[in-house]
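We've got the same protein chain twice here, in two forms, each standing alone as structure tokens: structure 1 and structure 2.
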Structure 1
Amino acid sequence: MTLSLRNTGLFAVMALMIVLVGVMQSWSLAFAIVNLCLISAIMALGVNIQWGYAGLLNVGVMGFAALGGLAGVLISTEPVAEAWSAGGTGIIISLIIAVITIAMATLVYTRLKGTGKMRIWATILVAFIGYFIARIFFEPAVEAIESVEPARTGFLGGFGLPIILAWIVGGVLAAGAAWVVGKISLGLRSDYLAIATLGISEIIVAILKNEDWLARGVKNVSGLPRPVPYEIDLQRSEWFQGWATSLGATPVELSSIFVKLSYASLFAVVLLIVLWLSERALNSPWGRMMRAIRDNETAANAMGKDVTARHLQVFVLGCAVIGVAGAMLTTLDGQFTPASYQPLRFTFLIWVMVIVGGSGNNWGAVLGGFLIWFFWIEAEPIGLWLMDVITAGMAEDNPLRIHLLESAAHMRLMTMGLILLLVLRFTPQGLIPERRR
């Protein structure tokens, strides 16, 4: 974990920019940005593991992050006893049937090897029969669950465990989904992984939006328990009020900063662990093998490396890291809103982070995560200011001026696209290039 003077300088500039926001806008905003920067950095590390180490293109970051978020709900919310008694058994039975169906279909598919067309049709038939049997149990159960106080619950609830556990479970969930996708699309042409991940991410988000029994769908789950104290409790406690007066700040202001700082320290610990592990992995014989596969698949294959299996491994690992970050994001928000998972925000933005930071270099991914998130947030005020300057000569009610000012919000899409294209063209190695060995 060594950093050259130049790279330290880059991080120092980043820190300075955040301090500037603190001074010019507000410290609360500055720490809010830092929190999301930390999460973005972890997601970028996940993508970097896939793209930087192995050259795998994951265009479904959104889906894996959403699975992490789902873990946040499933772990931390209290179980809804009524819903469980209304439809819990039905759901469990249909899940068991689904598992049996998949096992049967796989069995049929492997056993009927060499029978040509029949094998495919038999597998599809088994899957269909299983699907219909599962639905017989599934549908009434879902209806029963969703009618349990739909305004407040209407879902099965979770396990009522501390939300920190969700960070691990989120990683596991994402890894599981990644294993399935990887198993199907790895070993084929590289574009297929991109398209398959794009598809699975759309479907994961569609499921989360529509399966109300699971996590309330678009009705959202809010008020998830926090791993850090609540502002209101802090403001009421004596020692905190005393502390605030001694610092010369109002308790309200200080409590908001204190909470954000607590989150930031938790996230920073996770980031450091992931970063340390990533660096260790990259510098180990395993990392060397990954790079060998990335740089020349044929040669690595000839040396006896199982390219597809190694790709699957690294893909699953990267997605697990993304899942962890997704769970952390839900923790920070305190709510789970499936409709907020947009591919531009969750998939392509992370990509810009990795490319700009420097693909193949973990420190680069972290810097990219910080830098791009910072500009993603600050592009709007900057864009608004720019538009204001450009249109300053026009009259207040000029329709063009009004349109331009209203559209300034879309500036950031353009800015991100432009940054990606410029970096890819002129400094494809990114801000902190991969170390030459």
Structure 2
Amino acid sequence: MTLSLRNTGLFAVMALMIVLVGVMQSWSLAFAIVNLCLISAIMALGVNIQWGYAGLLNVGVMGFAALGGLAGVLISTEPVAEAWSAGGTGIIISLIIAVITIAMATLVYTRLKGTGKMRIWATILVAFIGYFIARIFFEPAVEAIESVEPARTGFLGGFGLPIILAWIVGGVLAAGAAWVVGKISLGLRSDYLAIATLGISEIIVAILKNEDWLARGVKNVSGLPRPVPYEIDLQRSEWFQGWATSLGATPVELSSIFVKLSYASLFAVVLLIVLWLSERALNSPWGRMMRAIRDNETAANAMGKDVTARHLQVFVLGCAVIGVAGAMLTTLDGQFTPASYQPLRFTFLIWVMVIVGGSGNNWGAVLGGFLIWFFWIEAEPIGLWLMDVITAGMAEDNPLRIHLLESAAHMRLMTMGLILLLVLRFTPQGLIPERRR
């Protein structure tokens, strides 16, 4: 069997499993899984750009995804006029002071002559003075903003623009945060980057949970505008009711499927664009250079390549892709819930997608995104069916039977571990390994 035929067969099996969900459970659930698989595949591509291309260990995937979700709120929600009147000016002034402080601290550090300790202490002094001045304007403004109808708003709101624009802005926000992290930690040992990304991810999520003026914190922002029609609008339209009748389906059922298909079409376009760009980059001289740096940094450095600059470049690109996926996830959910971003749990899941699919292969990352998220969703019903079959001969009130059926919900993590172990045992380089040229 040729390699291309084998890869096509793997994707065909994945499609067949989704079809089986539609036939045996419901098509609405099947298309819901497809949407989440598409977003997961984009996130896996972002991690693959960092790890598969350059060997960079990013353990803070969810932090950059959360910045993408924040972009959905800042772009799509309507501005809260009362909140802006109460404290918007103070927020703007404090942000301007923060920017001036950063610029002054940088200027002092780079221009001040003298011993290293003098430069460091002078920079720290400038930073502290700017910080306390900014707090003078920031704290009263935050208190005033959060007191404006806290049950309904209590934040500044956004720009009231189409939410699709948030996908681009989410990538920009994540790329900006990645640039800051990369400038600090890249060029040091690889474990420093892992620690820095995990730390910044926890910091980002903590800020989003606690700064209510920004995105309501743990109160969440719900009812974000959609780029696709609403089910209730479809059900009320005469043409849709007639279409549902002609297909032998109810308007309620068909409207749910139609909306999910609309989302899937948008997400598939983004996935294809990211995949095409990733393949172009991987097969270009830039991609060959990145793989050379990944395989032997010392040799690449000796050949005149700026390893640190290239690492920063690929790290920012990968985080930008993750930020886009984060904005898409918020768009699909229709709400922004900072508490749902669990850096370690879901970062592990994205890494499993990349490893199982095939590190260094973009098509492998896509397959891994589909496969792992499919089993993450379906592990519980499959486990419940399996436990029901195993305990079929037991009495209804048998304690062992009750325990096994109640434990089916915990099949997810065991399933992920089992898949990872099987793939690492039989195909250590992933289901679709990297092509060595």
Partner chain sequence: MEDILNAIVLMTNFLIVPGLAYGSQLALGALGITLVYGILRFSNFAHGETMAFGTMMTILVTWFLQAHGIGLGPLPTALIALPVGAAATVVLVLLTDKWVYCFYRRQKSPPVIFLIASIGVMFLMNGIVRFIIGPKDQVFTDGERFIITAGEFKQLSGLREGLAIKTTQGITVITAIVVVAALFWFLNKTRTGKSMRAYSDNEDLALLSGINPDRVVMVAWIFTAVLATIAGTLYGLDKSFKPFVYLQILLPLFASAIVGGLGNPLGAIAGGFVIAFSEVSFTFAYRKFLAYLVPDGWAPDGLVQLLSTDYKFAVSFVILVLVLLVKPTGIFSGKSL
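Numbers given to residues start at 1 and step along the sequence of structure 1. We call the rigid core whatever largest set of C-alpha positions still superposes within 1.5 Å between the two forms. Computed from a predicted structure; not experimentally measured.
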{"property": "Displayed copy of the chain that is the form predicted in complex with the partner chain", "result": "1"}
{"property": "Rigid-core frame, C-alpha of Leu418, shift of 2 angstroms or more between structures 1 and 2", "result": "yes"}
{"property": "Yes/no, Pro428 Cα shift of 2 Å or more between structures 1 and 2 with rigid core fixed", "result": "yes"}
{"property": "Rigid-core frame, C-alpha of Arg345, shift of 2 angstroms or more between structures 1 and 2", "result": "yes"}
{"property": "Angstrom displacement of the CA atom of Ile402 between structures 1 and 2, core fixed", "result": "4.7"}
